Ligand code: DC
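Okay, here we've got a single chain as structure tokens, the form predicted alone, with questions on binding and movement later.
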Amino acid sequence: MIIAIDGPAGSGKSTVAKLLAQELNIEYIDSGAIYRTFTLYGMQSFEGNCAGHEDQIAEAVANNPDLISITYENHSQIMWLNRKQVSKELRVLKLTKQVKFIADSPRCRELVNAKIRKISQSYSVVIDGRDIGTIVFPNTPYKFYLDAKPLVRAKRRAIDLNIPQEGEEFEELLKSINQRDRYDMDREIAPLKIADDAVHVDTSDLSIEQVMAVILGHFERIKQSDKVF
């Protein structure tokens, strides 16, 4: 079973995906951590800079399937690079600034997608992203698209970043979210789209508990429908 949750930044998709995995006692695939591990390898190999080396990074991963691996322990995803656990090394700012080069590389994206699809062959999974229901798992009947008004998403991100929800800093955050939306929707590689058969959920005025109730209700309906065999 594969549950795909897509949506823009700040829509709540990662939070909901993790809670849904817990509720259903299945695995949560953190695709961002996989991209970040590719990025970490690139930074280690090319003096801290992945830009311009994307094809070399992809070639190294393709030629050495064990270079980057993923395991699960007590429903926690563990990332390995050169047989070393690196999950705790993936959230630093300098790495975050480099991830876009990997995410925008067609070869790297296909390798990441291949790893995601391989995991789904061994486990039932929930995975969130921007092209999960359209590109990675277009045939799964369990597709959801979470969205929210840009102002709401900016306020959520401000809380995460511990910054005021008004003023110049907040306005810059809101501006960056609107820019990110345009970029994600217009980019040539894996643009953000709503799958034709996805359940669209506007989370603007819903609590996490309410969103979960909506998702679980639709999940049970789809599970019992003729779509699932």
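Bear in mind that the values here come from a model prediction, so they are computed numbers and not experimental data. All residue numbers refer to positions in the sequence shown, first residue = 1.
Absent from the display: the form predicted in complex with the ligand. The rest refers to it.
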Work out which of the listed stretches, 199 to 207, 165 to 173, 62 to 70, 181 to 189, brings a heavy atom within 4.5 angstroms of the ligand in the predicted bound form. 181 to 189
Heavy atom of Arg91 within 4.5 Å of the ligand in the predicted bound form: yes
Might Ala158 be said to contact the ligand in the predicted bound form, defining contact as any heavy atom within 4.5 Å? no
Can you tell me if Ala103 lies within 4.5 angstroms of the ligand in the predicted bound form, counting non-hydrogen atoms only? yes
4.5 angstroms heavy atom contact with the ligand in the predicted bound form for Leu81: no
Let me know the one among Val86, Val152, Ile119, Val99 whose heavy atoms come within 4.5 Å of the ligand in the predicted bound form, would you? Val99
Even though the chain is shown alone, can you say which residues of 126 to 141 have a heavy atom within 4.5 Å of the ligand in the predicted bound form? Gly129, Arg130, Asp131, Ile132
